[in-house]
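As a starting point, one isolated chain is supplied in structure tokens, in the form predicted alone.
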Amino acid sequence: MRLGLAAMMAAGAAVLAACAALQSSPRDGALALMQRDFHAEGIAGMDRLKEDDVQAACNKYKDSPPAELDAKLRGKQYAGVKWPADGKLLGDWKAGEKIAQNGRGMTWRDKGGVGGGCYNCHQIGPDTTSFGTIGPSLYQFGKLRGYGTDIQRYAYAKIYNAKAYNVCSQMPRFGHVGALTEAQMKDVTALLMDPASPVNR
């Protein structure tokens, strides 16, 4: 009977130690559980459990990294933008509208280029009846800002990797993670920048 009691006490001590570890660092405990239980499948690899330097800084500083670090991280993200090889930033705005209105994200077996779901966070045009407000309205994006090359580059880079401008942005890094293809990002840029687009009516 004593041996059983000793074993129970040892098991109880182990449980208490595990609980104490979780209390001292719940984030580390949660990460350990995910590493144990998550298995790579399709496009979701084990790399998803590793923070990059931007995610680590935004988590550590609660979305407000020190100015010097913020500038350094934004610069690194901007340097990683892959510009179109042909130098053209605008595609077909009609195709861009379909991408922006497509709310389907990548599933386990997709390889990217599925949809943007832009309306989840932004008003896109005057006829959009339901949209999120996490991001700013994109209605009249080009009309208000102008249609020049500089703003085209801004729009393309923001779609490619929003963290190049706001390091703790909640906007997905569509190009950085391969969620949209180069052609799709050009089309969405055209949706924002083409004077004929409904966005600019």
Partner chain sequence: MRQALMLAVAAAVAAVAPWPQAMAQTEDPVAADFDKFRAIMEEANPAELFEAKGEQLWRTPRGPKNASLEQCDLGLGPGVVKGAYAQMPRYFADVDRVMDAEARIVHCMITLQGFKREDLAKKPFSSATKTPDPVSITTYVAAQSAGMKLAPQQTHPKEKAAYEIGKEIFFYRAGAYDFSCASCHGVDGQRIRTQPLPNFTRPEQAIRAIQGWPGYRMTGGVMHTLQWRLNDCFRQQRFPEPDYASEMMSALLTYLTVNAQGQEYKGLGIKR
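Positions refer to the first chain, counted from 1. Predicted model only: the values in this text are computed from it and were never measured. Definition used throughout: the rigid core is the maximal C-alpha set that superposes within 1.5 Å between two forms.
Not pictured, yet referred to below: the form predicted together with its partner chain.
The stretch in contact with its partner chain in the model of the complex, judged by heavy atoms within 4.5 Å, is 50-58, chosen from 152-160, 138-146, 50-58, 66-74. Although the partner is absent here, Trp83 sits far enough away that none of its heavy atoms falls within 4.5 Å of its partner chain in the model of the complex.
Contact check for Tyr78: no non-hydrogen atom falls within 4.5 Å of its partner chain in the model of the complex. In the model of the complex, its partner chain lies within 4.5 Å of some heavy atom of Met106. After superposing the rigid core, the C-alpha of Asn59 moves by less than 2 Å between this form and the one not shown.
If you fit the rigid core between this form and the one not shown, you'll see the Cα of Gln35 move by 2 angstroms or more.
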